[in-house]
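Single chain ahead, by itself, as structure tokens, in the form predicted on its own.
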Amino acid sequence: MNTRYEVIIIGAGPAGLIAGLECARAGLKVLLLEKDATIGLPLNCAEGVPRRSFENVITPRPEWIKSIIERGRLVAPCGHHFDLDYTRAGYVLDRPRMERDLAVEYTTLGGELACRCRAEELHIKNKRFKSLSIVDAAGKKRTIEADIFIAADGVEGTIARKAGLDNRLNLKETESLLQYRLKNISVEPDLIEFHLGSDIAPRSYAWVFPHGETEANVGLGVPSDINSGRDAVYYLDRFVARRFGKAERGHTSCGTCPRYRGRNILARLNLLVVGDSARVLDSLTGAGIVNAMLSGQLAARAALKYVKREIATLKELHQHYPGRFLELKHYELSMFLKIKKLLVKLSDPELDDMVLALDEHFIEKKVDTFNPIAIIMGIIKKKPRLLKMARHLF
């Protein structure tokens, strides 16, 4: 490990790896730090991505894809389900395989990767972050310098907060997630399922994401501020028993899903914050892989311009990132946050109405794109007592 780089990236998940690839392809001297010993692990993710936006960031390799999703099912508390055909809607990935392959490509291009390295704190000099203190794999404390830093250290990351960006989470902004990899079960490989209801996942939902025909990621979320007297294990074990009976349980993953926080925690000085550390998840579904990759890509492109002196000021840097990312995603992420806040307020009968209205709204049960606002207005026309949905959104 050298003492100076042009770009230092903290965190080698999807955001950090894509940022690293962008920098390495451009020939920058870049260091990618990862606190864990193995790229791609531990896995705390349902591994689902929307196809179009994923392919806008990267061309997927066949070996990364466990299932091609073409149908979705939404199950109401009353048991009624609404099915929708959505051709090539998305993929369920083998995310560890994808991340390992991206890391290999990154190092082949000349990028430096250091695992089991913990980033401690950034240090300012002349109104710029100048250096980063780390603890390396041998437990030795070191200080390394860079022109620009990218924080991609995930939900639990501390670099942004220590640098002066208040990305702390409170209970109202998070969900506790629990997921099992179930094996030797029967699932439809092109169908994802979402199950609603206070008896299944209070103020949230359970999901089934297939890994082929005999395996699936099955999990649910429980808002962190809920006080039902039951934990996520209770709800998930009961859901699995009802949906699959006895099933062989493989990998168990758990984590925290934060809600979108807006534009104020994405950059400070020459520190750019991306991925889950920047809270750029889809608050409605908890999906974060593609937004993480896109934010990493755009941050790296901004870093390249900064390092190459194509832009001279921090204001110009921030116009490129987070400016470009916010132009593309802020409205969508803000709207998903509003919809999430609305859905957690709906009672089970209102959720039943919503699913029934969706069933009536999509007469042909087949789409090739989604407009959440148009859909909501359509179902309100079908079920006027859901008018409060519009009051919360506009």
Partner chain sequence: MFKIDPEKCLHCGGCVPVCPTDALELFEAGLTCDEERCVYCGDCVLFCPVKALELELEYQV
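Residue numbers count along the first chain shown, from 1. The model shown is predicted, which means the values in this text are computed figures rather than measured ones.
Not on display, but discussed next: the form predicted together with its partner chain.
Chemist: Looking at 83 to 91, 239 to 247, 144 to 152, 173 to 181, which lies within 4.5 angstroms of its partner chain in the model of the complex, counting heavy atoms?
Modeler: Selected range: 173 to 181.
Chemist: My question is simply whether Cys78 lines the interface with its partner chain in the model of the complex - judged by any non-hydrogen atom within 4.5 Å.
Modeler: Cys78: no, not in contact with its partner chain in the model of the complex.
Chemist: How about Lys162 - does it come within 4.5 Å of its partner chain in the model of the complex, if we only consider non-hydrogen atoms?
Modeler: Looking in the model of the complex, residue contacts with its partner chain include Lys162, since a heavy atom lies within 4.5 Å.
Chemist: Does at least one non-hydrogen atom of Thr158 fall within 4.5 angstroms of its partner chain in the model of the complex?
Modeler: Looking in the model of the complex, residue contacts with its partner chain include Thr158, since a heavy atom lies within 4.5 Å.
Chemist: I'd like to know if Val344 sits close to its partner chain in the model of the complex, meaning any non-hydrogen atom pair within 4.5 angstroms.
Modeler: Output for Val344 is no: heavy atoms all beyond 4.5 Å of its partner chain.
Chemist: Find the only residue in Arg51, Lys29, Lys35, Lys338 having a heavy atom within 4.5 Å of its partner chain in the model of the complex.
Modeler: Spelling it out, the residue with a heavy atom inside the cut-off is Lys35.
Chemist: Sort through Gly255, Pro210, Gly111, Gly288 and report the residue having a heavy atom within 4.5 Å of its partner chain in the model of the complex.
Modeler: Checking each option against its partner chain in the model of the complex, the one that comes within 4.5 Å is Gly255.
Chemist: For the stretch 41 to 65, which residues lie within 4.5 Å of its partner chain in the model of the complex by non-hydrogen atom distance?
Modeler: The stretch 41 to 65, when checked against its partner chain in the model of the complex, contributes Pro42, Asn44 at the 4.5 Å heavy-atom cut-off.
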